[in-house]
Structures are given as C-alpha cells and as structure tokens.
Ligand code: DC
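Next up is one chain by itself, shown in structure tokens, the form predicted on its own.
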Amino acid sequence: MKKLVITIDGPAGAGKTTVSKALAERLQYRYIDTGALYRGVAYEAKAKGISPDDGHQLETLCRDLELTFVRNEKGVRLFSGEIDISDYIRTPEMSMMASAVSAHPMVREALLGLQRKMGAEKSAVFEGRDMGTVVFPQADVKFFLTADLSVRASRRHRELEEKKSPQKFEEVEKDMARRDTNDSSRAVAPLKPADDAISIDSTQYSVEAVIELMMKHINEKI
C-alpha cells in the first residue's frame, strides 16, 4: 500500500486528536501530535520561569530541549529528556502558553526540523495547526477539521471534567475564542486551511462519520 503523509489541522476542540488517533489506527500509521511539542516547550518555559513573551530565552530553551514521543502501555507519551510530561501539558494554562510560545519564529523553526524528520518515513498522521501549510506543504492528503465554537467549547469542557480539572463552560468558551483569535491572527504560520486542504465541519458528524469521509479521500490516493 502506498505510504502517505496525512495532515489534520484545525482549531482547538474540533476533534483533531480523537479523529487523528482513530484514523492512524485504521491505517496502521503513526500518530504524531505536533501540538504536544509546543505544549512541551510551554511546560518547560514555565518550569524554568521563562516568560512566553521572551523570544531570546525561548530560543535558548529550544536548543537544549529533548522532546520525544514514546509508545508504552499508556499509549503515545511525550517525554522531555527522561521525564514523561504528558499529563502536565493538558491544562487550560498550558493551552494558552502553547499558543503564545508558538507565535515566536525561533520556536517554530526549532520544532520544524524535528517534525519533518518524523515525517520522512511517511505512513504518519500529523495533527496540528500548520501541518498542511508550513510543515508539510507537499503532504499527500490534507484535512482541515473545524466545528462551531459552542460545540468545540462543550467538548473541551467535558474533557476537563473527565480529567478532574473542572472549569466553567463560559470560561472555556472565552479561552477558546481568544486562542482562535491568537492562532489565526499571528504573523508567523497563522491557523488557516491550506489551499488544497479538504475542509470538514464536524459539528453535526460523529467521529466514525468523519473517519469514513476522510477514508474516501485517502483511498483515492492509495
């Protein structure tokens, strides 16, 4: 079977993670959560007392970081050096910090080579915000997944409750709207669909329906 690089971009709460994992499993591909890399930078910046606005210190931080994905009994986990930081990067604070640090060109440049190295072997599904526009402009299949803000906020609110990190729905929706604005208006790699991306609005679709729709396009390439 032809090996492909598949990218899935879109705003927070659109269902990218769930869909990307399920699609990768369906295809027996590797799943790469590139957003976790930026969360990893944000986590280490906070741990070292570095402001997300301090581009110089962030550049120095990125040069020394060793971020790797490791598959174990818990699934695909993100390690910083020898420490599993997967459970610490999934908070509203880390979401906002990740958005802030990702606006710095030197941070994106530092992670660009790492992501492209991961894609060299193909047979991978990359989830992120600029996978189809910047990181893999020549990807075999590109998707842009979105949904109504209220639906996305509801999904994220439910996730936080399940993780015992409850937050008021209004706060979740407000944070998500602010991140949408930050991600789509930044000068470096703004969140937008690639010209040749297949846009899917998941507002009214189940995960299974989204996967089937994606598979129709993927099968055309295969």
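Note that this is a predicted model, so its numbers are computed, not measured. Residues carry their position along the shown sequence, with the first being 1.
The same protein has a further form, the form predicted together with this ligand, not shown here; the description that follows concerns it.
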Within 4.5 Å of this ligand in the model of the complex, do Gly35, Arg90 and Arg186 each have at least one heavy atom?
-> yes
With the cut-off set at 4.5 Å between non-hydrogen atoms, does Ser99 touch this ligand in the model of the complex?
-> yes
Touches this ligand in the model of the complex: Met131 (any heavy atom, 4.5 Å) | yes
is_contact(Arg108, this ligand) in the model of the complex, heavy atom dist at most 4.5 Å | yes
Answer for Arg179 alone: is it within 4.5 Å of this ligand in the model of the complex, judged on heavy atom distances?
-> yes
TL;DR on 80-88, 117-125, 136-144, 100-108: the one with heavy atoms within 4.5 Å of this ligand in the model of the complex is 100-108
